[in-house]
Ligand SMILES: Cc1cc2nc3c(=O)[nH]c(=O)nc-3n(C[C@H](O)[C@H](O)[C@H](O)COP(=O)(O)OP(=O)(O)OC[C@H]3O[C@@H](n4cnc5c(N)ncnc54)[C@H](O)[C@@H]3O)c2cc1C
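Below, in structure tokens: the form predicted alone, a single chain.
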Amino acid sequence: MLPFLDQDHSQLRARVRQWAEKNLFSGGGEERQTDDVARRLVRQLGNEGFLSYALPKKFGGVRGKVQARDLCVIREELARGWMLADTMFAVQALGSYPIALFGTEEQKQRYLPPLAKGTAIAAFALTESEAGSDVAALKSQAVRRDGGYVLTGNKRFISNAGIADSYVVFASTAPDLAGKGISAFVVDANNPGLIVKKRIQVISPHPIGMIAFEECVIPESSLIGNQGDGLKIALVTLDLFRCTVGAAAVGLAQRAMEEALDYGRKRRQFDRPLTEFQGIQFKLAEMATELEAARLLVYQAAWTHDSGAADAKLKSSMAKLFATEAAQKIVDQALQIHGGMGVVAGSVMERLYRDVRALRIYEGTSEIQRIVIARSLLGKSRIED
């Protein structure tokens, strides 16, 4: 048991691992991604009680306050089984956490219980074509009209686009104030002004696409928190989930390590197993060391967040940066050990190789994490060229 985890975290890990090995290892991780498969996974995660860890106890959760360590344990074990299961868990949590933290009592009562049970699906609509790393540059607007708001604009790379029942949407209510003028709203998928424009095919398949708001009329009660709180809500949410991306990377790397060890013991060349060659042993030693370092950084960051430490953001950026970069190398080396079998379409290694790549991009690229870390070290609000 890691020093940053308690006994209940170990018990949670055992539960998730047992479920994942039963439901994701034996064929589940190899089936083709479809919207129905994604919906089924959300229902299963809800039925098992895993989604409840992303919500406070009052609204169907497990603890009084959401713990980063719980989310990391769940994401690591789900990613080890099948990345789609991890993605559906993570996006469900992303779409519910802002409401749990900043929503009105009415919003919490309406949206959170079905999200915890997996009978409804959530989405987090922040990214735009000109607002990826630069979140404050978003162009979507919410204009006051007749006691409510009218949303206009386009969102891109929105996970669960087309299957979500509700979207947490970020739009500017005061464009002249840039980031300080962004507000957050919860918008029902059946609103006629919310249009799924295009589904996007990515190398690690999951429901993702572009959505548009065309004269999308929403009531004032859709506002999450106060007007102008949107950027704060987005950043607080991402600050929690950043280290959990590192946990997903650890899960992928762990599976790759296991696959490499298993294949290396079975595959024989020159009358002996691959694992008897020093070159392969050195690869495995480096992979195991980087994996252990990544896991320790991730759970240290999660513990720091749960403890409310002042350097939680720094630790999360370090964990996300190191774990995702390390996982990329570990998966690559595991595929190398498999040789030609590693690039066979439909194999576990081929899937892991596709799955691991996006982790270095979403929720803050590796380059952005380096900027965050450097700013913290230098005590500056921005880095001077």
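What you see is a predicted model, and the numbers here were worked out from it, not measured in a lab. Residues carry their position along the shown sequence, with the first being 1.
One more form of this protein should be noted, the form predicted in complex with the named molecule, which is absent from this view; the next part is about it.
Enquirer: Could you spot which one of H305, R156, K283, R295 gets a heavy atom to within 4.5 Å of the named molecule in the predicted bound form?
Expert: Looking at the other structure, the residue within range turns out to be R156.
Enquirer: Which of these residues, A125, A116, M88, A256, gets a heavy atom within 4.5 Å of the named molecule in the predicted bound form?
Expert: Comparing distances to the named molecule in the predicted bound form, the residue within 4.5 Å is A125.
Enquirer: Pick the stretch from 107-115, 132-140, 263-271, 248-256 whose residues have a heavy atom within 4.5 Å of the named molecule in the predicted bound form.
Expert: Within 4.5 Å of the partner lies stretch 132-140.
Enquirer: Taking any heavy atom pair closer than or equal to 4.5 Å as contact, tell me whether K313 reaches the named molecule in the predicted bound form.
Expert: Result no; K313 lies far from the named molecule in the predicted bound form.
Enquirer: Quick check on L194: any heavy atom within 4.5 Å of the named molecule in the predicted bound form?
Expert: Contact with the named molecule, no.
Enquirer: Wondering, does I373 line up within 4.5 Å of the named molecule in the predicted bound form on heavy atoms?
Expert: I373: no, not in contact with the named molecule in the predicted bound form.
Enquirer: Indicate whether the named molecule has at least one heavy atom within 4.5 Å of a heavy atom of A189 in the predicted bound form.
Expert: No.
Enquirer: Under the 4.5 Å heavy atom criterion, name the residues of 203-233 that approach the named molecule in the predicted bound form, in sequence order.
Expert: H206, I208, in sequence order.
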